[in-house]
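Only one chain is shown below, in structure tokens, and it's the form predicted alone.
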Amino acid sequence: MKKVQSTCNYCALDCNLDFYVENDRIVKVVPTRGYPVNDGFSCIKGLSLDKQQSTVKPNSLPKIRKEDGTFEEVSWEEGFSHVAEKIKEIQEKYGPEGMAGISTGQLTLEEFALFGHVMRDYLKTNVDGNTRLCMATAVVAHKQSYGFDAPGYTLGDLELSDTIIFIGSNPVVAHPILWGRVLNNKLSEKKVIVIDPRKSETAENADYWYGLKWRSDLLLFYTIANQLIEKDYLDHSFIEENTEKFEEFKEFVKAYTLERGVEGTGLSKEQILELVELIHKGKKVSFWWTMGVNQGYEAVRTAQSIINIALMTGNIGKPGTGANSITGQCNAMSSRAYSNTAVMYGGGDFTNPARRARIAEVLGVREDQLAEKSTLTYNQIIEGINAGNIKGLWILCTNPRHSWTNNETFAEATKKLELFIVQDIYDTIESAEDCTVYFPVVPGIKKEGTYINLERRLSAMRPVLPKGENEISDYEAILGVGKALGMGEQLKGWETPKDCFNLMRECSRNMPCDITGVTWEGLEDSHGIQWPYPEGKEEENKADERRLYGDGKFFTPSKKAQFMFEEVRENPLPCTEEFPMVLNTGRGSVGQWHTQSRTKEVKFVEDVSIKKAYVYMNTKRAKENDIKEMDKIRVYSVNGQDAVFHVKVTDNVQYEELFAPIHYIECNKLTPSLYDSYSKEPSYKATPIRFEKM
């Protein structure tokens, strides 16, 4: 029996697991002891990765849809040639941007990079990822406030903080291993605080819960900032030495009085002042946010309002502190830095001459062979298809028919495509129903590559099982299409994932996310390595857990963090007489994952999961409408759609709200086509609705 250490590719923790293999079968999965992230623990999803060993059957070949609507199985060479010819036809007829791609947060770093090279550099077209649905807000917030997309914390800060504040975040369900670090915190004065409209599972386990009104978090944090300033609960030396624009911010928040905060948030004066005192009295205060903040129409400014409070109180860069974004998917960090979509490889703008010259040198191509601008965003791609401007789409390991906001617009889009390639480990996902080409690829247990988790830690994915006859990886599929397109010399140095990793290492040199000191071999059977990890400074950075900004230096030109702020906007989709309630959305249970395409194969997760879409309704509301547990209601959305849900009755949602788990296609049938102005992340969390009992 052999043991292979590899990385779980579900959530952004990237737990490491030991796979015990005998006769090409996984016989046991054990969380890796000593690994800094999970140290011998894992949630049910990681422990169930052995269930994927039968996902892709031997003799796995691509399928092409014929004129009569049926599929024909072809060789990989035929599949690559067919796709390449169709892409050429589309671009010749409609221009380079007549083709587009949508990736995921679950590919390896190397697969992101290669897809970006084929689509963005060679084809000069657009590729966005479903990381746009979860982390674009944090990316923009970090870049504007810190000068680079660089969350500075380490998971160890959860064990060192005496005041842990979760905002729009439910780690008990969404990131259970992260929550485990909270439980490991043995400080006697530790306080756990949750700010969330819903009394989530995390709120039920917290010391304080502030159930504010939906989409009032920005107002709340401006109000808190004003109170902190009025009471002089500030770290003046940190503000003066390490930040800019504080005086403008101080003047700005004067308008956010305590009375205004009470009126807008639904919290009492006493609750807001209590929260102010908790922040002030904490010696090591850490703020943690995730999708409840990121998925809103003014989300970037909301994230920055949290960052502002950390800056003004000096709670950043020190053990147990920070304004810390919790990432959703396992490799969103690689998507952010190495997908060649919003930034060039390793960060930097597409229009920066020095950066273009450096990337061209590393890749061995001319500068005119590189992408020239940031990609169209996810919503612009879908809108472009529906407007008739984009005729070809290639999606990888994502299921937008289910997960995209106002998802009927994606269903409409797929029917307008001349070429629709779905590359996935399942042909049963909703997005595959209308595809013209299906590329079956292997799951992570048969792949090799690199992942970067939410705290900037690189870890190795290594093959646990060999590939069967005709089975290929995402990397091999992308490479095959690139060769069929005729890229030739432009693929030199990209032959294997290891080759690609070495290219990306070099692209990162002297950037904030420098990984030149990391080697392919050094990641194997390791504790992972947090970036930055520049060559020549390996000894200096050898600690398992390292945070940024301890020296008070940021990545802006002045090396100072920026206070970013803007007036609270009027809600563009307020409740009305016709739609008097709101629909909130989020994770349903620890075992379920996103659109359930992966966790459906885990029998004991399926056995305990509700099979039909459901919503949580406040007990008083249910009683008033004579609705009992698991009765059916039809929910009507401001976006013009409606869907049927079963009802679970609870006191943990507010009277004006319903809460729906994201794992059912009905959920995002109802969410609107509304986006943050800066990140273009969808506003999933507060859709105006009404309902009728069935």
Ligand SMILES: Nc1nc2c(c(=O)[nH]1)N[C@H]1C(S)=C(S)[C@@H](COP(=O)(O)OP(=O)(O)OC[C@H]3O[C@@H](n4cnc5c(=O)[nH]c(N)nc54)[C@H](O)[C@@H]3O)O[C@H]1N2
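One-based numbering along the sequence shown. Keep in mind the model is a prediction, meaning the values are calculated, not measured.
Not on display, but discussed next: the form predicted together with the ligand.
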Contact assignment for the ligand in the predicted bound form, among Ser589, Ser374, Thr519, Gln369, heavy atom within 4.5 Å: Ser589
Residue among Ser325, Ser161, Ser459, Gln329 with a heavy atom within 4.5 Å of the ligand in the predicted bound form: Gln329
Non-hydrogen atom contact Phe563 with the ligand in the predicted bound form at 4.5 angstroms: no
Partner proximity in the predicted bound form: Val638 to the ligand, non-hydrogen atom cutoff 4.5 Å: no
Interface membership of Lys447, the ligand in the predicted bound form, 4.5 Å heavy atom rule: yes
His117 within 4.5 Å of the ligand in the predicted bound form, heavy atoms: no
One stretch from 537 to 545, 578 to 586, 247 to 255, 269 to 277 that, in the predicted bound form, holds residues within 4.5 Å of the ligand by heavy atom: 578 to 586
Output flag, Ala174, Asp474 and Ile662 jointly within 4.5 Å of the ligand in the predicted bound form, heavy atom basis: yes
Members of 400 to 425 lying within 4.5 angstroms of the ligand, judged by heavy atom, in the predicted bound form: Pro400, Ser403, Gln423, Asp424, Ile425
